[in-house]
Each structure stands twice: as structure tokens, then as C-alpha cells.
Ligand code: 1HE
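Here's a solo chain for you in C-alpha cells, the form predicted on its own.
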């Protein structure tokens, strides 16, 4: 499934983690249509052994956004269809089969931030910086950023980023919610892989519920959310794997939660 601009590598004893890596370092991993479509295809056809994905960028940057050298003049209708193509591709990341952990470093800008925001966990190293320069370029986000990014940092912060060109450094980004983890320079990939190996060992139905049910519950009115939660809890706990895991815990065969070191 690897292409010139995208590659996949399997890790873990059971090949349960897929490393999906953008490989356009000369372009700071900027996204063109071919790469966006390749991402869609790769997430549609992940090997069955895979229980989690690490999304990474080759070189000094995760992704510097849309490849403006390939920006074409489009009429309004063509623009809508182009944006919807991006939506379809990034939905495969957010609402695919398995959780996705992004390993962020260097530029996470424009479309790169839209891609990162479609992932479920974001690990940033100290070289990471975030920006949405579309405002200064006379364009608007079109890859789902107007929906996903405000859910991470709020409408006011995203508005400020686009109006003023504000750039968040790694520490600021972690503080406001653009990443859940912040690690020293050069360690984002290792931390993301460590997390992915843990996530891949979860019950698949629980992971699926966290990806697909939890975001929708969060948007529902409380009474509907409670009902959706009850239905999802009943479905998850009825799975044979869930029963086996609870039984192992009760029999003292599973570890208890410990405070982190």
C-alpha cells in the first residue's frame, strides 16, 4: 500500500501497530490531492492485524499544510467538491476501524493541523509549532478544521489564530489542548508508538466505542447522551472478550491500576 509520498510499516509482536508516514520531506510533508487520496485508501485497507495506527511525518516536520504550488483556480461548485473530498479522506482517520496516534514535530500548520485534529491522541515534541495561516492567504480551512479544531481549543482561539496569524509553540499547544502529550525533541514517535502498543491491546469494541460513540454522545443533549451511553455500555460488556477480561481481573490474573511514576 506504500506510495511515493506515503508508506506503511507494521510493528509489534503481532504486527498490531501500523506506522503510517508522510514521505514528502522536501515539501515539509505538504498535502496534495494525491497524498490525501492515498491516506484515504490506506486507512480503508489497513491489515486485519492492526489495532492502532501511529501517524508520522518524515524529516523535520509533521505536515506544513496544503501544497499551495498545486492550488488550482476553482469555481464555487468545484471548491465544495474538493473540500468534501478532504472531508471523506480525514473521516477515515477519525472514524475508521482503529485509533490513530499522531507523532507531531516541527510544523503542524494549516491542513497539517486539520489532519492532526482528526487523530485521537496527539503527541508533540518540543520542536512542534501550530498555525492556521489561511486567513492571511485569503482562503479558509476546507479539510474539516472548522469543525474539529474548535472542539479541541474553542472557537475564540481558532478565530484568533486565523485572524492574526498567531503561532502556538509546543508548550502553548499542549496547554490549550492541541496535544495531550509533550515530550523532548525527537521523542514524539517513540512515545506515540509506546501508546499505540498499549491501545492496540484494548478490546476492539471498546476502542471502537471511544472513537465512534463518545464524540457523538458529547454532542447530544444530556438525556439522549445518557441513553446512548447505556446502550453502548451494554453492547461492550456483552462481548465475550469483555467477559473474559473482567473474569481475569476478578480472579487476580490482571493487573490493578497503579499511580504513574
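Computed from a prediction, not measured in an experiment: that's the story for all the values here. Positions refer to the first chain, counted from 1.
Just so it is clear, the following notes concern the form predicted together with this ligand, a form of the same protein that is not shown.
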Inset, instruction - Check whether residue 26 has any heavy atom within 4.5 Å of a heavy atom of this ligand in the predicted complex, and answer yes or no. - result: yes
Inset, instruction - Classify residue 67 as contacting or not contacting this ligand in the predicted complex by the rule of any non-hydrogen atom within 4.5 angstroms, answering yes or no. - result: yes
Inset, instruction - May I ask you to check whether residue 173 falls inside a 4.5 Å heavy atom distance of this ligand in the predicted complex? - result: no
Inset, instruction - Please run the contact check for residue 96 against this ligand in the predicted complex: heavy atoms, 4.5 angstroms, yes or no? - result: no
Legend entry - this ligand in the predicted complex: contacted by all of 121, 148 and 181, heavy atom 4.5 Å: no
Inset, instruction - Sort through 148-156, 183-191, 107-115, 163-171 and report the only stretch with a non-hydrogen atom within 4.5 Å of this ligand in the predicted complex. - result: 107-115
Legend entry - Those residues of 121-139 which, in the predicted complex, come within 4.5 Å of this ligand by heavy atom: 129, 133, 134, 137, 139
